[in-house]
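Taking the form predicted on its own, here's one chain by itself in structure tokens.
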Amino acid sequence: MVSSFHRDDLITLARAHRRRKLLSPVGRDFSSNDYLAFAGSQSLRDAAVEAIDRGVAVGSGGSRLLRGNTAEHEALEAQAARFFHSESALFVGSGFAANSLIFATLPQPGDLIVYDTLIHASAHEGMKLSRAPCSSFTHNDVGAAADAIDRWRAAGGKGTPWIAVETLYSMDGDCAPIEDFAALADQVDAILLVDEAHAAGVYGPGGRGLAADFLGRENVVSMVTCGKAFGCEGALILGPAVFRDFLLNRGRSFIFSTAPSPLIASVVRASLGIVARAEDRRERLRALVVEAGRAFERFGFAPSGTQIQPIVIGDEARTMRIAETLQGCGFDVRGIRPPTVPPGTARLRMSITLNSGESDIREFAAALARLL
């Protein structure tokens, strides 16, 4: 029997204009994370067909610790470790699953997690399961992170600090001062947890991300999603081999989850090589980012400098009306409201991908200008 609570909660959400619904992708792409336009590419289709022709299974049939561990998983992890210059790699089903696993498992009761206030929701879910205390710091403020660790030490904290940041933030499109956070981790004997979800594939040598220079260190763990610039699905946890071994021994969501599809693991492995050679696509994306910056700066919106361009409107209802109108004009852009973003900062999250071109950006900007 359905309880009244669920119906009443949905009614409350609808009255506040916050009830979510699923929308099909229609119109020109300004909302996906398929930054390099690989998700529907022939190259990844060919990789999937080749794997099927080799007899690679669609399903794994069990958890990695039972019968679900296949040669495709192990080949992907070996190649990913080489590609990202990491000692080890662990493949899991999604970026959400990866962050939840990391935060719930690696920090221990005597440790401290300090995290950027704008870090992904998946990290927050992992921290809810963590046995370590957590403390937030002001967005991109290295000094505030250092102060939080100093206060913890002064109060008797003796364990390991874990500093959690994204390299490219998913709603503001700005980048972390990753060199400064890495230096802080060295200074205070901390471990740096780096979320490269929106940067890997697009930035760094060969698309290895904004933290590429720091992978391979004993005090850096990185999370890379495979469902954005790499065009597939799943996620990779990169870092010291001892952490990988600890996760597969103590990480409950890893131990008790069915392994990701061997077929997808094979396609992700192909994607790593394809993305590494895709400098032409990265150059084209950079050109589109510049074009978008020029287009929106004319209307008073500061360019983010990345492929994620927020257009902050503020009022929630107005934001959603504008988004729906733009969708009706053939532009697939989505409105983002609290609690996903802070109150008073409802926005259009414009995602720049190679699925749309310069003329699409100019037409989108013109349509938005008319609405504003």
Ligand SMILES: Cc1ncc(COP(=O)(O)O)c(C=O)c1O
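Keep in mind it's a predicted model, so treat the numbers as computed, not measured. Residue numbers here begin at 1 and follow the sequence given.
The same protein has a further form, the form predicted together with the ligand, not shown here; the description that follows concerns it.
Looking at P262, you'd find every heavy atom of it more than 4.5 angstroms from the ligand in the predicted bound form.
Although the partner is absent here, E166 lies within 4.5 Å of the ligand in the predicted bound form, judged by heavy atoms.
Under a 4.5 angstroms non-hydrogen atom cutoff, the ligand in the predicted bound form has F96 among its neighbouring residues. For the chain shown alone, G234 is a contact residue for the ligand in the predicted bound form, at least one non-hydrogen atom being within 4.5 angstroms. With the partner left out here, the ligand still marks one of 87-95, 282-290, 156-164, 69-77 in the predicted bound form; by a 4.5 Å heavy atom cut-off that stretch is 87-95. None of L192, I178, V114, M223 but one reaches within 4.5 angstroms of the ligand in the predicted bound form through a heavy atom, and that residue is M223.
Note on contacts: among N140, S257, N219, S170, the single residue with a heavy atom within 4.5 Å of the ligand in the predicted bound form is S170.
Applying a 4.5 Å heavy atom cutoff to the ligand in the predicted bound form picks out no residue from 311-346.
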